[in-house]
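There is one chain below, alone, in C-alpha cells, taken in the form predicted alone.
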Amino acid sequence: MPSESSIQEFHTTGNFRPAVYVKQYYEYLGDENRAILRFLWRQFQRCPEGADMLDFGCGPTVYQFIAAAPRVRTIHVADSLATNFEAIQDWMAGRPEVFTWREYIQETLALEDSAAVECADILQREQLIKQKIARFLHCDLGAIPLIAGVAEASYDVLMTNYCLEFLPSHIDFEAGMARIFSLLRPGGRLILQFLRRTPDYPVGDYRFSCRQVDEHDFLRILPKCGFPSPTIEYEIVEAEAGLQRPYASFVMMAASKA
C-alpha cells in the first residue's frame, strides 16, 4: 500500500488506469452495483422521452447508459481523460479484451420487464446505447467555458457519477458545482453519485485524493444552484461486506432544476 505522501490528485496525474478501475470496482456485480442500477432505472422511468443527456466525468464505464438509452434522444459524454473515452469507444467497437457490461445490461432489463431476458435483448440494448452516444467532449474545470462549444442550459438530464468528489483542491467546491450544474436546463433532472466522507480512493497501485463530502454538503449547495429542496432525493448505500472497499458508504442523489 502506498504511503500517505503518495496520494495524488486525479486531475493532475496520468496514473489512472481505466481497465484496472473497471476490474476493481465493476467486475463483480454485487449488491452495491445492483443498488446503483435500481436507482438509475427508477430515475430514468421519470425522464421525459427525447431528452438530451450529458454524463459529466463519465469515466470508462457504460452501466450508467443502460437505463438511459430508451428514454433519451442523445447522450454526450464529457471527461478530462482521453483514455476514458478510449475505453468506451473500445466497448462500442466490440473489442474482445474489453469488459462487456452484459451482466449489468441483463440486470437492468430484468428491472424493466419481468419476462426472461434473452441474449437478443441484451444485444439490442447494446446497440441502442451505441446509437445514442453522440459526442465525446473534453471538460476542464479550470477553463472557460467548462466544455468547449457547450453553452449553459444545454441539457435536459445531467448525470455525474463518482466525479465531483475528485474536484481539484485549488477550485472552490461550491463554485465548481455551480458551473457544472449550470449546464442543465430549467426543468431538467440532475442525477449524481459520490463517495461519502472518503479521504482517498485506490485504483490499482495508486491512490487519489477525495473531497470528504456527504449528503449535507449537497443539500446545502443544490438549492443555491436552482434545485428546490423538495425536489431533492437521496439514498445512502453502505459498502458491501467482504469487498474491502476504501469507502464506508456512497450516496445516490437526484434533483430537479427550477
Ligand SMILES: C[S@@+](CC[C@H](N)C(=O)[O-])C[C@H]1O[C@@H](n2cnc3c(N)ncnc32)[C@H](O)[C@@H]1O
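Everything quoted here is computed from the prediction, not taken from an experiment. Heads up: residue numbers just count along the shown sequence, starting at 1.
Another form exists, predicted together with this ligand; not displayed. Remarks below refer to it.
Engineer: Quick one: of Phe39, Phe227, Tyr63, Phe194, which gets a non-hydrogen atom within 4.5 angstroms of this ligand in the predicted complex?
Structural biologist: Answer to the contact question: Tyr63.
Engineer: Counting non-hydrogen atoms within 4.5 angstroms of this ligand in the predicted complex, say which of Val150, Leu141, Leu111, Leu128 makes the cut.
Structural biologist: Looking at the other structure, the residue within range turns out to be Leu141.
Engineer: Would you mind picking out the stretch of 113-121, 74-82, 128-136, 184-192 that comes within 4.5 angstroms of this ligand in the predicted complex, counting non-hydrogen atoms?
Structural biologist: After filtering at 4.5 Å, what remains is 74-82.
Engineer: Heavy atom to heavy atom, is Met53 within 4.5 Å of this ligand in the predicted complex?
Structural biologist: No, no contact at 4.5 Å.
Engineer: Given that the partner is absent here, does Phe99 sit within 4.5 Å of this ligand in the predicted complex, heavy atoms only?
Structural biologist: Phe99: no contact with this ligand in the predicted complex.
Engineer: Although the partner isn't part of this model, could you tell me whether Ala67 comes within 4.5 Å of this ligand in the predicted complex, counting any heavy atom of the residue?
Structural biologist: Outside the cut-off, so no.
Engineer: Contact between Leu158 and this ligand in the predicted complex at 4.5 Å, heavy atoms?
Structural biologist: Flag for Leu158 set to no.
Engineer: Suppose contact means any heavy atom within 4.5 Å; which members of 19-56 contact this ligand in the predicted complex?
Structural biologist: Residues within 4.5 Å: Tyr21, Tyr26, Phe56.
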